[in-house]
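Presented below, as structure tokens, is a lone chain in the form predicted on its own.
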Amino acid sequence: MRLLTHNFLASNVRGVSTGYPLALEVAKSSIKEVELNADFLRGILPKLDWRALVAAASAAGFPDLLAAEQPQEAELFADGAADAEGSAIRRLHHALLEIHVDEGALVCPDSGRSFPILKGVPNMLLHEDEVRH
């Protein structure tokens, strides 16, 4: 599961008011390099919860990868930034698309319900008594 996926998942357990952001517990992770796509990052950036992404990167073992505050678009997408090692856009790309959680869990902040991540796939299925009717 990429951290990009984590940023959009929420718990839908009955009685939960927000269920977001899910806490991330990482037992095993891996890095899978992919080509940087600045247009994709520019499009997804407004949809991201930056604080949740920073917390997920930290939980995955990268506490200093992202700045606490979201960088300005001018910094992220400056000419040549995508080619500069260690630039803000490279760090964002790495966090969203290259860090994979292979084993672990997602934990609902409201209910404490744990959803397992096995072989990189989060299992968000609810038990019968957890379903909203």
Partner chain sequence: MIQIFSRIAARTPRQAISASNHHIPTLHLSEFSRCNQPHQGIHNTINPMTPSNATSEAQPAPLAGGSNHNYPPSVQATPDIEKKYVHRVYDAIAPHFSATRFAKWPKVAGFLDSLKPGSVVLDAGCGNGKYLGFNPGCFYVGCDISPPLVEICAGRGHEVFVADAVNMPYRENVGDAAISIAVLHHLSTEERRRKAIEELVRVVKRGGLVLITVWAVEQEDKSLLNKWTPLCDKYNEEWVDPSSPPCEANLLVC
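Positions refer to the first chain, counted from 1. Predicted, not measured: the structure shown is a model, and the values here were computed from it.
The same protein also has a form predicted together with the partner chain, omitted here; what follows describes it.
Novice: Can you pick the one in Ala82, Ala60, Leu97, Ala105 that has a heavy atom within 4.5 Å of the partner chain in the predicted complex?
Specialist: Result of the distance check: Leu97.
Novice: Out of the stretches listed (23 to 31, 69 to 77, 85 to 93, 40 to 48), which one is close to the partner chain in the predicted complex, meaning heavy atoms within 4.5 Å?
Specialist: Comparing against the partner chain in the predicted complex, the contact stretch is 40 to 48.
Novice: Does Asn12 reach the partner chain in the predicted complex if we count a contact as any heavy atom within 4.5 Å?
Specialist: Yes - in the predicted complex, heavy atoms of Asn12 and the partner chain come within 4.5 Å of each other.
Novice: How about Ser114 - does it come within 4.5 Å of the partner chain in the predicted complex, if we only consider non-hydrogen atoms?
Specialist: Looking in the predicted complex, residue contacts with the partner chain do not include Ser114, since no heavy atom lies within 4.5 Å.
Novice: Could you confirm whether Pro109 comes within 4.5 Å of the partner chain in the predicted complex, counting heavy atoms only?
Specialist: No, Pro109 sits far enough from the partner chain in the predicted complex that none of its heavy atoms falls within 4.5 Å.
Novice: Across 1 to 25, which residues bring a heavy atom to within 4.5 Å of the partner chain in the predicted complex?
Specialist: Met1, Arg2, Leu4, Thr5, Asn7, Phe8, Leu9, Ala10, Asn12, Tyr20 sit within 4.5 Å of the partner.
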